[in-house]
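Take a look at this single chain in structure tokens; it is the form predicted on its own.
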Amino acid sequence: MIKPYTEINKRIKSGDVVVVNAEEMIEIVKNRGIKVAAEEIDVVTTGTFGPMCSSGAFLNFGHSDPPIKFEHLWLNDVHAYHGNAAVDCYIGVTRMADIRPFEYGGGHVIEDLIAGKSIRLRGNSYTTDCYPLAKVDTEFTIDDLNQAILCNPRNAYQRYACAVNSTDRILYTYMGKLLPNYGNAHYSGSGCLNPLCNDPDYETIGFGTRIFLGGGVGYVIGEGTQHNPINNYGSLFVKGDLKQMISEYLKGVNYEKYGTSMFVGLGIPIPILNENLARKTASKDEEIFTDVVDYGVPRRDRPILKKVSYKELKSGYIELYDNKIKCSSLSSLFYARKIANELKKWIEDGIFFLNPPAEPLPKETEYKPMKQTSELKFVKDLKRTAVICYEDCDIKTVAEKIITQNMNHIVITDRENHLKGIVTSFDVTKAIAEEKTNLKEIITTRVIITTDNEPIEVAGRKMKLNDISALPVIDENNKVIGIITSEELMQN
């Protein structure tokens, strides 16, 4: 060890501390070497600002008169969890408002709360002898609360997968809107500024580490949920006082046709205790890699298409299958830098001191998928043979097949069995009524499809969202290998 925490904190107190952010540290090590950097630099600051869906807040309202024990409660029409004590609640950022789903959620409530806005509280109770009040409808601000604690069970992800979409339809995901046929790519994280990329072995980050959180002071209180350090997917469990925080660093957000979340600003100071930490805090974007993952495959073991560096991601494009794909970040590099620099100023001004972790974070945690005791069925388990007509058939031929095969959906293909469209019995009935004879006039060419390995719940959701009753089943070459209808799903 070159210098201990006590020496660094003495330098902070005296105003002699040397602090740089992680991007500046890269240049210092490049120009002056690891040994000199370790001796001269005391602290390296980091930052990240992105969507943290595993976030929320514990709130205590104080007792009403007469008292109430909440059974259900809503904050600005967002249902909050009551199952703590009588007037405590936990509001999660992904919980959507009952009245404005997909537009407003728990993350927006937290942002409005720390911005000083008035929040409507509605609640009801089953009543007891000691809690006789049955209903509350009131308003409060953050100053009216006894405690308001930001609590994020999973934050500061070490890295994120880069998401792409191989299907022929738009996907609406927590990684944003993914365009069909690899039309775009989305990633998150600040790369070389990311806290866990600067101390991946948790030499200085552990239980009790003091951090920048939401514009105030917070603490690491353990490893995050789904902590997976073996595969470089570490995460942190953090908390902090919402009354110290500012809405600039906590932003409610909504994702089109997916739901709500909240952007959380987080920064961690890395004390340069030794040369090894000097080396790690100088990690460059081109040395930090993540996976390009196909979100068009709806299962947990989505195929990894390639490895890509954060340097390539930040360039705005990635190379995939000899194509250049536009790449965008869901997180803010601007705010990540701002957080790292604000934390740097706090330390230089002597108002933020470093503390050694009381206990290190685990480095060998095994990440396990959900145990499923019921059998999961896939499209291949329920599909039936598709009734097919070629695209050069006439409407009469299609009508005859509907009658003889007792099938409401006729799949249209070319002679090599490639999908070209679909026709329903209603389409044919309408065409005959309008005296149409050309099949091309009634074919639906923009077809929602499925594959053998898609879970039937996903197939059913596609039908419901698109108000249709059948999905052609295709293989990897866009050839029709069957069909699944709402009838098969209802019988399951």
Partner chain sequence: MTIINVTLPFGVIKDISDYSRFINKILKYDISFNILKFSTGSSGINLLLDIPEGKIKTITESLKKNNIIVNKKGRVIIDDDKCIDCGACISLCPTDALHFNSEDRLEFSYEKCIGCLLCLDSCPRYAIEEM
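Quick caveat, the model's predicted, so the values are computed rather than measured. Numbering follows the first chain given and starts at 1.
The following text describes the form predicted together with its partner chain, which does not appear among the structures shown.
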*Tell me, which of 417, 341, 198, 254 has a heavy atom within 4.5 angstroms of its partner chain in the predicted bound form?*
254
*Let me know the one among 184, 397, 127, 244 whose heavy atoms come within 4.5 Å of its partner chain in the predicted bound form, would you?*
184
*Using the partner position in the predicted bound form, report whether residue 179 sits within 4.5 Å of its partner chain, counting heavy atoms only.*
yes
*Examine residue 445 and determine whether its closest non-hydrogen atom to its partner chain in the predicted bound form is within 4.5 angstroms.*
yes
*Is there a non-hydrogen atom of residue 312 within 4.5 angstroms of a non-hydrogen atom of its partner chain in the predicted bound form?*
no
*Should residue 103 be counted as a contact of its partner chain in the predicted bound form, where contact means heavy atoms within 4.5 Å?*
yes
*asked:* its partner chain is absent from this chain, but in the predicted bound form, do 55, 144 and 219 each have a non-hydrogen atom within 4.5 Å of it?
replied: no
*Residues in which of 276-284, 365-373, 302-310, 95-103 have heavy atoms within 4.5 Å of its partner chain in the predicted bound form?*
95-103
*in the predicted bound form, which residues of 324-355 put a heavy atom within 4.5 Å of its partner chain?*
326, 327, 328, 329, 330, 331, 332, 333, 334, 335, 337
